[in-house]
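One chain comes next, on its own, written out as structure tokens in the form predicted alone.
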Amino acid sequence: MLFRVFAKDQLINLYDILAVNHIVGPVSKGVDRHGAPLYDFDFIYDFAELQLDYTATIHSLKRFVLPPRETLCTFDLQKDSWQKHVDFNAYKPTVYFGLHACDINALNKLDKVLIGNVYPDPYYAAKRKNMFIIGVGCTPQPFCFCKSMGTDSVLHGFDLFLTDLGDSYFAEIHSARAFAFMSSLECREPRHSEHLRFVEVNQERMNRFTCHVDTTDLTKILDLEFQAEVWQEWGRKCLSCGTCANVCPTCYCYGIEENVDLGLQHATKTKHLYSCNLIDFAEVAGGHNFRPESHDRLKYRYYHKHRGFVEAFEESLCVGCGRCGQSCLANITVPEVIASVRGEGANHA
């Protein structure tokens, strides 16, 4: 990895160089009921819209790589022949400008399932390969527990990562494309004092984390507490609305719909994201539901994140962004659920 330092006024030049592509980044979306600013990822058409000092976005980047609904293919029948048309829905490179480490790590986790698994997803892979990612350092929020999940820093999955040193940016260059773009800016190798400042800034960020989850032997504890009464308690609270999966950067469960027109001349196959918390998620032909109770569905979501994925890939599927707890209409949060399963109170320092 190469390192460079450049003045903050050079950032607009980098944006202009990249603006020939689609650019997605954090933008302001108004304020909440308490007057706090709301941010979300969206297409950017002017550098002034880019809010790199954002706290956290409402939604993750997932909707750009795993759209809520996506047409996988269409079929057309003409006389004695039929044609199948497949569109990967990836037409132009897209620059993702300003991702925090947890969201980059979320993409890395999705890669393991949707690209590196036995049956890769070509629709996801096409979008992923057309991504240019610029990461930025974050300011930990009271609900962030990515430090506990080991996702507060990132070593791969990005092209360029920027750390704010005050009057300049410390750039970590991780790809040949990023190096080529940086060559067009007025940048230089960091001085020793800037190396020290980079370490200091990251230590200050680490010290700001106040929300923690104890992951020690968590997979074993989940096995031991599979029948624990606390799952019933959380199930009574859960509304089974699926909001948590909607905002989660790593939930990838989906369903498939096949629609044939009345003339039998055209058909469409559509994929739509789903949630294991929805009441009909485990319902099969004949009407039998393997998980009819809300506590079962909630429990299995946690077991997939913190047990099943760990068994398959030796890491949790959760990145600790805290979006699920912030969006949950029943105020269910991961730190509180995990702490209750461990027989503890929620650990908020």
Partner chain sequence: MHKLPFVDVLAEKQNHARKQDLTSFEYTFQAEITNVYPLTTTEKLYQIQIIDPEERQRFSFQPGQFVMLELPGIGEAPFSISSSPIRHGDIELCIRAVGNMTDFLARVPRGTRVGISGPFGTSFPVEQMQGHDIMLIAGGLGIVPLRAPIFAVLENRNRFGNIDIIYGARNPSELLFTYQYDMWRQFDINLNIIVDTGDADWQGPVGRITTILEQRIAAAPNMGKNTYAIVCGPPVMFKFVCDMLLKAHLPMQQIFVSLERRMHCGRGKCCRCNIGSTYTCLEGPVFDYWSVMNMKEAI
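We call the rigid core whatever largest set of C-alpha positions still superposes within 1.5 Å between the two forms. Residue numbers count along the first chain shown, from 1. Since we're looking at a predicted model, the values are computed, not measured.
The discussion below concerns the form predicted in complex with the partner chain, not included here.
Partner contact region in the predicted complex: 87-95, out of 190-198, 135-143, 87-95, 205-213, criterion any non-hydrogen atom within 4.5 Å of the partner chain. Within 4.5 Å of the partner chain in the predicted complex, a heavy atom is found for none of Val5, Val24 and Gly343. Interface residue among Ile173, Leu162, Leu114, Leu107 relative to the partner chain in the predicted complex, by the heavy atom within 4.5 Å criterion: Leu114. Contact between Gly150 and the partner chain in the predicted complex is not found at the 4.5 Å heavy atom cutoff. Among residues of the shown chain, Ala48 is not one whose heavy atoms approach the partner chain to within 4.5 Å in the predicted complex. In the predicted complex, Pro120 approaches the partner chain with a heavy atom inside 4.5 Å.
Heavy atoms of Glu70 never reach within 4.5 Å of the partner chain in the predicted complex, leaving it off the interface.
Interface residues of 254-271, taken as those with a heavy atom within 4.5 Å of the partner chain in the predicted complex (partner not displayed): Tyr254, Gly255, Ile256, Glu258, Asn259, Val260, Ala267, Lys269, in sequence order.
When the rigid core is held fixed, the Cα atom of Glu186 travels less than 2 angstroms between the shown form and the other one. Fitting the two forms on the rigid core leaves the C-alpha of Val199 displaced by under 2 angstroms between the shown form and the other one. Fitting the two forms on the rigid core leaves the C-alpha of Leu264 displaced by at least 2 angstroms between the shown form and the other one.
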